[in-house]
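The chain below stands alone, shown as C-alpha cells; this is the form predicted alone.
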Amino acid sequence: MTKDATLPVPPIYRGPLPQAVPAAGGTIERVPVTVYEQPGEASRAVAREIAELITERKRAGRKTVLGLATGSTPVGVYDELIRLHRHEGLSLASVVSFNLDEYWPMAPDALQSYHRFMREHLFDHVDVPADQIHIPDGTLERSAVAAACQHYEEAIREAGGIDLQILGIGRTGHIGFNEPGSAIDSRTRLITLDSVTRSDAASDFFGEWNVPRQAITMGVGSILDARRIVLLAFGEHKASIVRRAVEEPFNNHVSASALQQHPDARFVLDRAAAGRLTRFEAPWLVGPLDLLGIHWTDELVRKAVISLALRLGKPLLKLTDGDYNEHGLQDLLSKRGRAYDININVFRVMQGTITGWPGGKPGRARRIRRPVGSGPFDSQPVQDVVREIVAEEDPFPKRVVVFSPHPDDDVISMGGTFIRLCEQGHEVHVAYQTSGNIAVWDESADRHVDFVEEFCRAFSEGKAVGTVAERIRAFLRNKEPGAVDIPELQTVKGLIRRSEARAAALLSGVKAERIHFLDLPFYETGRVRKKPIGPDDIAVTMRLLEAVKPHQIYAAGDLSDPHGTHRVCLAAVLGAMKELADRDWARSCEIWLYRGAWQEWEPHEIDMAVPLSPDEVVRKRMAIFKHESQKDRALFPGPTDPREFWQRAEDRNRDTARLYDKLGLPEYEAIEGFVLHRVS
C-alpha cells in the first residue's frame, strides 16, 4: 500500500513498547514487532540484515545457515539480495540454505514447485553452491518420506543449525505448512493441508482441485531451533491473523504464535499488516498517546469515537463523558473538554461524507473533507479541514475516468456510483487495466471457441477459425494442471473478459467509444505471478489520461487483493499522475479510491459515501451478472469467504449503510464508500 493511498494514520512507533496494561479488552504485543510504511522498505531492511550476517560470519571463517521461505512475501528480500550480489559485491558462496517446505507430490520443474520458485527468485541469480541448497523432495514415494524428513533434520544439525530463519504467515496462522493443531515440538514431516490453505493456493494451481493435499514441512520445533527468526507479513489481508499471533496467548491452532516462546524472534510488517494491532487499531488502549509519540489527529478521533459508539451500541450524539472515561478515552476528554463537543464534530464530518452526487451538482457548491493528518486534534477544528469548492469553480459535467484493475472490479466495487455518474450527465470513461484472462476457466473458453466455429460455419467463414480452434482443443486435451495457456487460448480468454466488461459498462450507461482496454504489459505473463510494474505500464496509462484530461479519477484502493494486481494497477495510475503533475488539468484532478472486491473502507476512513436505493442495488447486480465467466468465482476464492463477488459486494455495501444508521445517520439500503487520495 503506498503511503499516498492511505488516510493519515498514527505515526509508526519504532521504539520499545511501554509496559502497557490491557484496558477494556485491549492486549499487548507478546513478541517484538517492527513496522515499516511500505513492504519494500521492510524487505530491504531484512535483506540488509541477512547480508550483514553473511559478512560477519564470513569474516569469522564460518558459513551462514539460512532458513528460507517461498510465496510472494519474501520475494522482495530475495530481489534485494540479488541486487546486493550484482551491484555491491555481496557473495552468498558461504550460505547453506534449508527451505521450509514443498508440496507433495510435486515435480521440481512444475510451475508451482518451490524448487522452481527458489531457482527463479534467488538461486539462479546468486552464487550459492548447488550442494549447499536444501529443499524437501516432493518426488519421493510415500514410503520414503519419513526417512527423508529425518535426514533433513540431521542435515540441519550437521550444518550447525539455522542462523536466521525467514518466515511468512498463512491465513490460518501457519508457518511453513504447520497447519492448526501442529505441536510446538513438531519436526519435519508430511502433513495434510488445511482446506483454507488449499483454497488460498487455488489461484496458483488454476483451481482448488489441482492443489496437492499434502506437503513436506519443517516442524514448529524445527523452526524454533533457529538462532534468530524473522517473520514477514504484508497487506491488509494478513492483519487479523498477525494480531492473533502477536497479541493473543500461544495457541497451537495459530502456529505463528509459537514465536512468542523464542528468545530472538520478531515480526516485520508493513503498515497494512500491522493495522489490527492494538497500537494502531486502538492506541488509546495501549497507554498515554504522548508516550507513543501519537497525537489526537482528526482521523484518530473519528476512529476512537466511532469505535466507542459501535461497541456500546449508541448513536454518536448519545455518547457521554462517562462512556469516554469508562472505555479508555480519558485522554481525549482531557484534550477536548466535553463529550458533546467531540460527538457533534464527528457527527457533522460523517454527515458531510454523504452525497448522492459524486461528481457534484450543477450550480451547487461542493464540500470535500481533506484532513491535514498531522498535529494535535485541538489545533485542527473540523471546519479547517473541509475544502469548499464554490459552484463557479466546480465544472459540470465532469470528465471522469474509472480505472478497473480486472474487467469486473468497476461494477463489483463501485457499480452504483458508476451508474450515478453516467445518469447525472458526466463524460464517464472506463479503463480496464488488465485482460483478466487467467480468471477464465478452460471449459468456458472451449464453449466460446465452439460458438465462434459454429458462427463462422453458418456464414461460410470457418476454415481459418477451425485451425485455431483445433490448436486450442489439442492443447486443452493434454494440458497439465496449472500449465501456462498457449497464446491463442490466452487471447480467447481475454476476448471473453472484454465482451463481458463491455456489456456491463454499456448497461451502466457508458458510451461504447469511452470503453478502453489498456492490457497493461505487467499482467500479460499467462501466469498468476506477474512482472513488476514498468515504464510501459505507466506510459499506457499516461496516454489515456492525456487524451481524456479528467476532473475525477476513480481507482482501486482495495490492496488486500492477494495476487497483487490491484496494488500494481494503483501504482500505474499514481505513477502516471506523478509524471503529469505539471498539467493544468492534473493539478485540480481528484483521485477517489474505491474498495469492495475484497473488503470495504472503515466508516472513519470514508470521505465520500454514495447511498444506493434498492433499485440501484439491483441494477448494480445485473451489471455484475454480465461477467458470466466469473459466476463460479466461489471456486477461485480470495481472502474473505467463499461466496460469489456480487454477494460479498452487496453485503459489504449494506453493512456500511447499517453502520451509518447505527451511528445515528440517515438509513439507506446500501452505501459505496470512497477515500480521497492524499498527495504528499
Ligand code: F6R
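Predicted model, so just to flag it, every value in this text is computed and none were measured. Each residue number is its position in the shown sequence, starting from 1.
The form predicted together with this ligand is left out here; the points below concern that form.
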Exercise. Of 72, 199, 113, 355, which residue is found within 4.5 angstroms of this ligand in the predicted complex when only non-hydrogen atoms are counted?
Worked result: 72
For this session: Select from the listed residues 305, 520, 445, 100 the one whose heavy atoms reach within 4.5 Å of this ligand in the predicted complex.
Result: 100
Seminar exercise, completed: Note: this ligand not shown here; in the predicted complex, the stretch from 100 to 108, 131 to 139, 274 to 282, 567 to 575 having heavy atoms within 4.5 Å of it is 100 to 108
Exercise. Using 4.5 Å between non-hydrogen atoms, is residue 550 touching this ligand in the predicted complex?
Worked result: no
Problem set entry | Exercise: residue 175 in contact with this ligand in the predicted complex, heavy atom 4.5 Å | yes
Exercise. Would residue 170 count as a contact of this ligand in the predicted complex, using a 4.5 angstroms cut-off between non-hydrogen atoms?
Worked result: yes
Problem set entry | Exercise: residue 238 in contact with this ligand in the predicted complex, heavy atom 4.5 Å | yes
